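Here we start with a single chain on its own, the form predicted alone, put down as structure tokens.
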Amino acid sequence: MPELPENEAQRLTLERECLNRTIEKAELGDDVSYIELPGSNELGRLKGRQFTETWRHGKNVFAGSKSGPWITVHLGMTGWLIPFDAPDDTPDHTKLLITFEGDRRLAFRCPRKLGHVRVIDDPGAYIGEQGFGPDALDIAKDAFCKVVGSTRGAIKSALMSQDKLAGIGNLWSDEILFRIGVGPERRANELSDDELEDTFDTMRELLKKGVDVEADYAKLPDTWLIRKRDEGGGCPRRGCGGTIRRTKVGGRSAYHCDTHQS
């Protein structure tokens, strides 16, 4: 599932390709019964308006204007926002198509379930209503250590809990724990103050790098778990010699090294 770096890359795409263009129409695609999308009245609110700014909070991407309305997009498992120009064909599995004046189009492509698009009035109010925690790149260190360090469950689950910390999922929680040498099943409230601070610093470092490369993971170092996330494979950490194992933590797969993570 796309996490913070992928969603930030999508926000940047919207910022570069779709701002300050008047919307002629917004319409649903085919086979949309399994996905949450705006109704005709909500889509009608977009006509004649422009997206003049973008925002991202955790795994949610927003585009709109100060006076509204806004769209909020959750990519789900396989969703993606694709700007393109007519007369190019609309991408397959397009669930929502926004037509701007001129040639520019914006497709929300989503082959599988779980993604959604909603029309809202205010992103800040929406974030509060949904109960999302602070964005993983905005939260202060003290607040992070307090909310994560007070969690009795596994540290991996704490990092992935969107009501505590928005933006981190399966992939990046594994990467953070791999880097700091902490096992995914360790109880979060059993981490020392130094370990919690190291977790915070590492989280910010890794997420910023993921954002810098706009989620193109081929540009990340070979020593990162994200490049060698294969069960039974050798640990990519230099000099470790361990093996990558796969376990279940809170119902989610966790990839970790059996040697340098404990």
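Quick note: we count residues from 1 along the sequence shown, nothing fancier. No experiment lies behind these values; they were computed from the predicted model shown.
What comes next is about the form predicted together with the DNA, which does not appear here.
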Report summary line: In this chain shown alone, the residue from 74, 179, 104, 186 with a heavy atom within 4.5 Å of the DNA in the predicted complex is 74
Report task. Taking 4.5 Å between heavy atoms as the contact cutoff, choose which of 169, 83, 134, 91 touches the DNA in the predicted complex. Result -> 169
Query - 4.5 Å heavy atom contact, residue 3 and the DNA in the predicted complex - result: yes
Query raised in the report: in the predicted complex, does residue 120 have a heavy atom within 4.5 Å of the DNA?
Result: no
Report task. Indicate whether residue 141 is a 4.5 Å heavy atom neighbour of the DNA in the predicted complex. Result -> no
Report task. Examine residue 59 and determine whether its closest non-hydrogen atom to the DNA in the predicted complex is within 4.5 angstroms. Result -> yes
Query raised in the report: in the predicted complex, does each residue in the set 153, 246 and 255 place a non-hydrogen atom within 4.5 angstroms of the DNA?
Result: yes
Query raised in the report: Along 81-113, which positions have a non-hydrogen atom within 4.5 Å of the DNA in the predicted complex?
Result: 93, 111, 112, 113
